[in-house]
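We begin with a single chain expressed as structure tokens, specifically the form predicted alone.
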């Protein structure tokens, strides 16, 4: 397995643990990631409110660079994107220019200033899609060192890796994470919140809306040992606001939130530097104790919350 890799801004900042655990996991699975040279911001959720064209040109620039790298190496590789917002923005460009040639011409007029041209030759894929459809699940099972047999996992997909493009899972009843979780010996927490919105940036702009949505997710996850995510925004909303939501609702929400590659890396016995659990904002003492009881391998969980 070999891919172009677009980490995006969040994975170099607030979601650094997602970047590190993703690259470590893919290496352990035998995949090679080639980071897109001089990549830049895809526009996140802000560009579209400023300029519709900007919301296309920013992700298109990264796609054009990847195509240029592909031409130089004579390798046609898929583009692996861990961040769901980045995935959605890049995917939107590749889909819309298939039927809107005028848009493609306009984008290329702008890209020409950077000596780039987009031809739409490469496929944009989410990390979860690649783990589910490209990875040999039987190989992963043979590499599992620590089995989470007494753990219940709530898989949380969020919106952007599922909608509006129905590529690798059912956006209403997603199941793609389940084989990966079951391969570790863990059980799947029964709930309906996997594809529900966490509020995204509303947590900052309309906190009462965001807190209500996240509170519903956390409440539904009660009984699980952890929630697994594949999106930096979802991860931040679920882990960073638990105390504030608990105070607002007069209820206690205290839940471990992990990225999927962190969880899979733990199962494979990857080192602390490979998964960086110390950067997570919400790892409970209960989870820490249960995990350390499960394995004799020491793992640093210095940020464990009460």
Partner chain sequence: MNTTTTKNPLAQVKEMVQSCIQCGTCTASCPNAFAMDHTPRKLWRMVQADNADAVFKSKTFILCSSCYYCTLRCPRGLPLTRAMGLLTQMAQVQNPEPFKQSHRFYQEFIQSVRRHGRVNEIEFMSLFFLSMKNPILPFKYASLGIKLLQKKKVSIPNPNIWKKDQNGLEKIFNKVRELEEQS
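Positions refer to the first chain, counted from 1. Only a predicted model underlies this, so the values are computations on that prediction, with no experimental measurement involved.
There is also a form predicted in complex with the partner chain; it is not shown, and the following applies to it.
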**Request:** Please name which of the stretches 163-171, 121-129, 135-143, 217-225 has residues with heavy atoms lying within 4.5 Å of the partner chain in the predicted bound form.
**Result:** 163-171
**Request:** Give a yes or no on whether each residue among 38, 50 and 114 has a heavy atom within 4.5 Å of the partner chain in the predicted bound form.
**Result:** yes
**Asked** At the 4.5 Å heavy atom threshold, is residue 239 in contact with the partner chain in the predicted bound form?
**Response** yes
**Asked** Heavy atom to heavy atom, is residue 175 within 4.5 Å of the partner chain in the predicted bound form?
**Response** no
**Request:** Give a yes or no for residue 20: in the predicted bound form, does one of its heavy atoms lie within 4.5 Å of a heavy atom belonging to the partner chain?
**Result:** no
**Item:** Partner proximity in the predicted bound form: residue 265 to the partner chain, non-hydrogen atom cutoff 4.5 Å
**Value:** no
**Heavy atom within 4.5 Å of the partner chain in the predicted bound form - residue from 31, 270, 57, 255** = 57
**Prompt:** From first to last in sequence, which residues of 180-206 have any non-hydrogen atom within 4.5 angstroms of the partner chain in the predicted bound form?
**Reply:** 195, 196, 197, 199, 200, 202, 204, 206
